[in-house]
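One chain is shown next in structure tokens, namely the form predicted alone.
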Amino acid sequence: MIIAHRGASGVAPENTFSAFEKAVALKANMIELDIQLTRDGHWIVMHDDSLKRTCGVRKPVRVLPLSKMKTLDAGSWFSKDFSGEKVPVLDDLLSWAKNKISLNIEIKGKINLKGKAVGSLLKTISDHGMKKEVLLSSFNWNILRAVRNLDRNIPIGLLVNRELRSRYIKEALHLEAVSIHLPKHKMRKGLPEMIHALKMRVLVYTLNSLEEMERCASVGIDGFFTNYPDLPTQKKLPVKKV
């Protein structure tokens, strides 16, 4: 399973429609993207807490309203060919992706878990009829617990960073996760088999070389995240580090 990391972010500006459309063209199985809340409570597609790197604005995402977010240029930082690329709104992205490609939506940013943010996200996904085509993930496990408390069925993927195996396995089972997303350095022979025995998939991030892909595939993973969805058919590609 090839998952386009922030879209085909090696060849187009990350988390933009250009990167998403390219991922579809390169026959990715799924698109991974990041979402955050604007000041006025709208979900937009953005990885960093700050807008500086990808939009050239020295402000946090959370301080701008949606109306201002729609005016930003999210493509010029990558290449002048993408000048004027807009920051996608999640609602528009779901409309575009419906019946086209499944999405791994990573929830980022500071969220008031006692507020309406998680509920509004789940409602937006449901309104688009995308519950079966979306996989929700986050490094903030409290967010995932809030998701599961509100929806017992939507697929959850547990994102792991430095946590011990015993801890992330326990959390994944508690959340009834469908997958565990592991960094490549945690891949060991026998680990996928153990997770498979618990009825969960193993997805690995972020593999941008054939050597990495072949090594992880050899231990039995179910899929991987990559900036270059067509890399398995290529011999060599430069990696744009982000």
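Everything numeric in this text was worked out from a predicted model, so none of it was measured. Don't overthink the numbering: it's just position in the shown sequence, from 1.
Only in words, not in the display: the form predicted together with a small molecule, which the text now covers.
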query: Looking at the small molecule in the predicted complex, is some heavy atom of each of H47, K108 and L159 within 4.5 Å of it?
result: yes
query: For F225, is any heavy atom within 4.5 Å of the small molecule in the predicted complex, or not?
result: yes
message: Please tell me whether any heavy atom belonging to F139 falls inside 4.5 Å of a heavy atom of the small molecule, as the geometry stands in the predicted complex.
response: yes
Partner-proximal stretch of 190-198, 210-218, 66-74, 30-38 relative to the small molecule in the predicted complex, 4.5 angstroms, heavy atom: 30-38
